[in-house]
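Here you'll find one protein chain in two forms, each presented separately as structure tokens under the names structure 1 and structure 2.
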Structure 1
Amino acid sequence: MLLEFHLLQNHAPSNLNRDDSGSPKDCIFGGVRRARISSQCLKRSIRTSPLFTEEIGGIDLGLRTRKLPHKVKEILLARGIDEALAEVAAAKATGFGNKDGKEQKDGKTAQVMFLSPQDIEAVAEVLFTKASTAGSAEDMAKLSAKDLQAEAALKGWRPITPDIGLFGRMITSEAFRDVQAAVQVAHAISTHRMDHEFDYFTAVDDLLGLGEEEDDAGAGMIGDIEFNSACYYKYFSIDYDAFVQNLAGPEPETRASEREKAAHREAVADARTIAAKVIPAFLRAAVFTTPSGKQNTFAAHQLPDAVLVEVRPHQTPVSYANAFVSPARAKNDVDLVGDSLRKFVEHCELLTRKFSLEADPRLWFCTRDIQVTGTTGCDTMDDLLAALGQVLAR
């Protein structure tokens, strides 16, 4: 089963996702320049959203960090390892995450790793055992991080968190299992041609007038910020079966015992229960969460005008980005959002008919009086999320 989410969202002036020069990200699509928000930015805004955490209620999430040694040291100290020995043991964790086990001088791992609480506990357990055996910081320092990383306790399957199951991870270490992402996220692009604009600003000294006359002339500082205003098409595709498999773990071999097979069936059932909670939470966070870039300056917190959910029986993902290969534009009495909606609906209906695209159900929410043919209209976002929840519960 494939779950596809399509959103149309118009933003007021903003700089939600900027490049290395501070400019809002953009791209060429359909021969014209478009505003763009990277998939990495969208995924992080959803993953770290307080709303997402609140909606999944008590289910652990992962940490994407280089500070594994810091977390390990906390655990070692809590288990009674003295400060000096814990410091040396935690330093060994800086060698995790790279195949050569090379320890890092800055006290962090060489790469950012997406870790579950069980991953961190497993590393801490190995280092706790070695530290307890070594007995002194000097003897602990002689151990190789590469050998520690290869400890049998770190190999094999460990439970992962839903965010790792959704977004996946790749770590160059045998200590942590790679996870293939179950969700694909497109870069959001504007439905229309985009032009960058600049906000020239000044900061005025509140104590202006207290100094010498020549010192008080002009602004305390000046600067400029680049921004744009854009209506974005956003597209997410979730492979439900891959997500459940990621959470449940690998299937047992045919020669596995009945007990092992029964345990896996139970893990799959538990994974489906988690998925039924996490996927609606993901969509709610995608709808209500906006990237944080320059929001203190622009506060561009606009909600989507349309959300389409398609539940496909086959692995045939379909993006409707080509609805906007000819840019939308405001004209006569039709505004930009209205023209974007018209293009989206026409393109969606065309592809569905021409390619006999299957989806059941197809759920449609819109703030305006327009609907995609063959969809079930939902009056509110709560109605749509409830209908999605029913699909996942069946």
Structure 2
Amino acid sequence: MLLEFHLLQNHAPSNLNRDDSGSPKDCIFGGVRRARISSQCLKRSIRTSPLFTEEIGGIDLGLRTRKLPHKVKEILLARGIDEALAEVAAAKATGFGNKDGKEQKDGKTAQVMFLSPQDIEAVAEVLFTKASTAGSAEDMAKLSAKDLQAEAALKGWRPITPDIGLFGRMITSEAFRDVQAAVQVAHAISTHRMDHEFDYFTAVDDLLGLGEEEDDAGAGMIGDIEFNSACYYKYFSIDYDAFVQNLAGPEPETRASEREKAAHREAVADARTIAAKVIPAFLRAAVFTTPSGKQNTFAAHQLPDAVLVEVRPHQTPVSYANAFVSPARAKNDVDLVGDSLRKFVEHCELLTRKFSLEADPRLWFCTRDIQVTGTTGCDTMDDLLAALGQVLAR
């Protein structure tokens, strides 16, 4: 099952995502220049939004940290290991996350790792066993972090948190597994031709004229800020099966014991429960969060005018960007959003018919009175999120 989210969102003048010269990002599409917000920018704004965390509420999220040794020491002390031994164990933990197990002098791991509480627990477990049998801190110090890391290597499978399951991770250590992201986010592009605008600004000295001589009539400084105003088409998808598998672990082999199989069935059921909460939270965050670039200057906090959710049986992603390959534009009595909506709906209906694209259900939210064939209309965003929640609960 593939969940596809299509958004149309019109922004007032803004500079949400900049390149190395401070200009808003852009690209060429359909032969003309378009405004663009990069994929990585959109993902980060969602992942770090307080709304996403709040909505998920109560489910553990991963930690992006270098302070694994601190956590390990905490756990060891709590389990009755004495201070000196726990200190050495923490030093050993600094060697995790690099291939050679080189211990770090600053008491942290060399790389920032996206870890689940279970990852941390697994490392602590290995060090706890060693510390309990080592006898003295000196003997413990002789152990190599490289060997310890190998011992903490994945024996079977260890849970990860939903944010790691969605956005993926890559760590160069055998103690933690790499995770392929279940989310796919396209670069958002404007539905229309975009021209860069320049805001010429001056900073006038508040104390102009103070002193005996008039210093000058002009400004303390001048400059310009580049910006644009654009109606964006945004595309997100979540590979539901990959997400559930990321959380529940791989299917046990056919020769696995009945107990292992039952445990896996239970893990899948848990993962589905988590997914039913996390996926609507992701969509809510995608709808209500905008990238933060230059928002103190522009405050372009506009919400989407349309959201289409398609639940597809096949993992065949289709972006509707081609609705805008001939640019939308405001004309006579139709505004830019109206023309973008018209093109979007026409193209979506056309592609669905031409390629027999299956989706059940298709949920449609729009701030204007526009229908899309074959969709269930949702009056409010809450209705749409609730309907999505129901799909995921079935």
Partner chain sequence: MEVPGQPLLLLRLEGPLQSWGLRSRWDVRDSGDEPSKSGVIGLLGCALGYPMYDRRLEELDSELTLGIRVECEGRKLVDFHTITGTIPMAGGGVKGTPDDPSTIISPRSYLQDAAFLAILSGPAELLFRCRSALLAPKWPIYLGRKSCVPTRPVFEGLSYEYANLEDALRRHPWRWEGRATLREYPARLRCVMEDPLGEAVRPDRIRTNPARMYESRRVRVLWADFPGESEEGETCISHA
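Since the structure is predicted, the reported quantities are computational estimates derived from the model, not experimental observations. Counting starts at 1 and follows the sequence of structure 1. Just so we're on the same page, rigid core means the largest C-alpha set that superposes within 1.5 Å between forms.
So which is it, 1 or 2, that shows the form predicted alone?
Note: form predicted alone is structure 1; the other is not.
Core aligned, does the CA of Tyr233 move at least 2 Å between structure 1 and structure 2?
Tyr233: C-alpha displaced by less than 2 Å between structure 1 and structure 2.
After the core is overlaid between structure 1 and structure 2, has the C-alpha of His192 moved by 2 angstroms or more?
Comparing the forms between structure 1 and structure 2, which are aligned on their rigid core, His192 does not shift its C-alpha by 2 Å or more.
Core-aligned, is the CA shift for Arg353 between structure 1 and structure 2 2 angstroms or more?
After core superposition, the displacement of the Arg353 C-alpha between structure 1 and structure 2 stays below 2 Å, so no.
What is the C-alpha shift for Lys130 between structure 1 and structure 2, rigid core superposed, to one decimal in Å?
Its alpha carbon moves by 7.9 Å.
By how many angstrom is the CA atom of Ala141 displaced between structure 1 and structure 2 after fitting on the core?
Its C-alpha moves by 9.0 Å once the cores are overlaid.
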